[in-house]
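Only one chain is included here, represented as structure tokens and corresponding to the form predicted on its own.
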């Protein structure tokens, strides 16, 4: 890891730069695949699945028989763990429900807001070397609680044309309505336009590599919403001598093993602690099955020393981490003043892994600095807020004159007339 001591604020943007490709590098590829999927549907999806995933099959929809077989392959121990995680995620997201908000803004004018589910949602679940069945829980559970009618899941197949059994088990457990063996850009394009097999959806959720991230952003140009620009995983830890170096090192490595383009950062007010963490990383990384991946991610990562907590906080808010672990003598200082972070983990016994799996919070979070302006996935992500209003004769009398004046001032005579006619009708009735 790169050690940096007392970096000046004017250098922070360079020091904290993410190891990601620019959109220009991959946008042309994404646009080409989108265009072909829009025109040729399943034929184009099959072409790119063969090209990128090395597998070809006629039917990309997972059958009930495949789901049954997958369930039988998942150990009882893993099933129990998934069920525990699902229960906690359900509790936390169900608690986010809000009742109808209603108010009489002036006598005779009643306004209210209600939340309704997005009817059709697409869930993208990464596969590959780390099939993220936990992401199924994070997306399908709140979608089900929200009441989404169609929950379509796409996940890339393995070389045998199958989806990981744990993904299928979790999807079936959480009420997913359709599961498709397709990943990457072609999956996002399919959800955007719809094909003979892939339903068109109204909003797409889920993390992915940089190609998936750009594909999701392109989808918004075709009337499809997305949860957020969610790219390679990242973690920032602020810790001092009150933290346990081995714990901090394990947390940094837990994110580094996600992918070679992941980034982990330690910020500390103690040089000795930074040295201790570096030693722990060198020891722990040697036994990791995904050692090669972690080593490449660690090469993109930083150990940063700063003089005090105030400087540390400013640097962290500038970075806007996806995951933020706080383990210091003054945790409340960071908790109260952090402004830009996707999800916050506090204390020696709150590993980031807890949020990834079973504490109940959602692990689909904004990366690449988007924590400055995006929330992580939550129940409201699957809902739309609709406003209603009902105005009585007394109400239109109370606000009608103001509407007429404002409409006239904006030059919108028909707007004014819509009120004037009603006011005259009321006056004529008297």
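Residue numbers count along the first chain shown, from 1. For clarity, a rigid core is taken as the largest C-alpha set superposing within 1.5 Å between two forms. Note that the structure is a prediction, hence the values are computed from the model and not measured.
Beyond the structure shown, there is the form predicted in complex with another copy of the chain, which is absent from this document and is the topic of what follows.
Highlighted residues 50, 173 and 238: none comes within 4.5 Å of another copy of the chain in the model of the complex, counting any heavy atom. The closest heavy atom approach of residue 417 to another copy of the chain in the model of the complex falls within 4.5 Å. When contacts are judged by a 4.5 Å heavy atom cut-off, residue 271 does not count as touching another copy of the chain in the model of the complex.
Looking at residue 258, you'd find a heavy atom of it within 4.5 angstroms of another copy of the chain in the model of the complex. Interface residue remark: residue 133 is counted as part of the site for another copy of the chain in the model of the complex, having a heavy atom within 4.5 Å. Site annotation in the model of the complex: the residue of 315, 71, 224, 276 reaching within 4.5 Å of another copy of the chain with a heavy atom is 224.
Out of the listed residues 199, 165, 161, 351, 351 is the one that sits within 4.5 Å of another copy of the chain in the model of the complex by at least one heavy atom.
In plain terms, the part of the chain that comes close to another copy of the chain in the model of the complex, with a heavy atom within 4.5 Å, is 88-96 out of 207-215, 152-160, 88-96, 181-189. Interface residues of 94-113, taken as those with a heavy atom within 4.5 Å of another copy of the chain in the model of the complex (partner not displayed): 95, 96, 98, 101, 103, 105, 106, 109, 111, 112, 113, in sequence order.
Once both forms are overlaid on the rigid core, the distance between the two CA positions of residue 375 between this form and the one not shown is under 2 angstroms. Residue 31 is among the residues whose C-alpha shifts by 2 Å or more between this form and the one not shown once the rigid core is aligned.
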